[in-house]
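So this first bit is one chain, no partners, the form predicted alone, shown in structure tokens.
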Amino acid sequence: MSEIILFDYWRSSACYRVRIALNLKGIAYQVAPTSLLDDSTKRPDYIAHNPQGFVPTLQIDGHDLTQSLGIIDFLDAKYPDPPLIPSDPLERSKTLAQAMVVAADIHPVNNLRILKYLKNEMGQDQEAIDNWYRHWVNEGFKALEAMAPDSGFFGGDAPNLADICLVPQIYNGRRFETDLTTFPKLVRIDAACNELAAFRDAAPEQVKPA
């Protein structure tokens, strides 16, 4: 098997998700640090691998995989233990819906390129940008809190895709000083996940380049 390479920006929540999934499955990989701050992802040599110019990109089995949920779905199919997405159709639908509250609703309007656009093209000050960020986190977390179980992980006794999406968003919510007191179930799940080495070792502080 050829070497697995993750094009990774340490602070990207999408990369964070993939790092967690790789760790949970015990998959060895090499990191290719890829900054979002210096337009590294816009260079022609990177665009050749990821036409969107985003991170992450996972090079595996001679293929360039993009989009964190697509990458995790591939990993779950190729390395089925432990499962991250249920095989039962109903449970699979529920898990994907929970994960997409973060990956499709909160994250896309709050990622770095959107925040930079608000600042540079729309002329918004930092306070307005931070309020924007917190607003969309709160909107998504209200729904996700209602979906969250009263005990255990979203995945029951073990984390699943929804937990993998939650933890990086909680991390960034705290970074933007989001009040999480009205989301006790999400905070509890985040704490339980971070008891696991797979989550702790994927945290931005653990992978930040020296």
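In case it trips you up, residue 1 is the first one in the sequence shown, and so on. Everything numeric here is computed off the predicted structure, so don't read it as measured data.
Heads up, the form predicted in complex with a small molecule isn't pictured, but that's what we're talking about next.
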inquiry  = Counting any non-hydrogen atom inside 4.5 Å, which residue from 40, 178, 59, 67 sits next to the small molecule in the predicted bound form?
reply    = 67
Option from 197-205, 5-13, 20-28, 183-191 whose residues, in the predicted bound form, bring a heavy atom within 4.5 Å of the small molecule = 5-13
message = residue 36 versus the small molecule, in the predicted bound form: is there a non-hydrogen atom within 4.5 Å?
response = yes
request  = Determine whether any heavy atom of residue 55 comes within 4.5 Å of a heavy atom of the small molecule in the predicted bound form, and answer yes or no.
outcome  = yes
inquiry  = Test of understanding: in the predicted bound form, would residue 113 fall inside 4.5 Å of the small molecule by heavy atoms?
reply    = yes
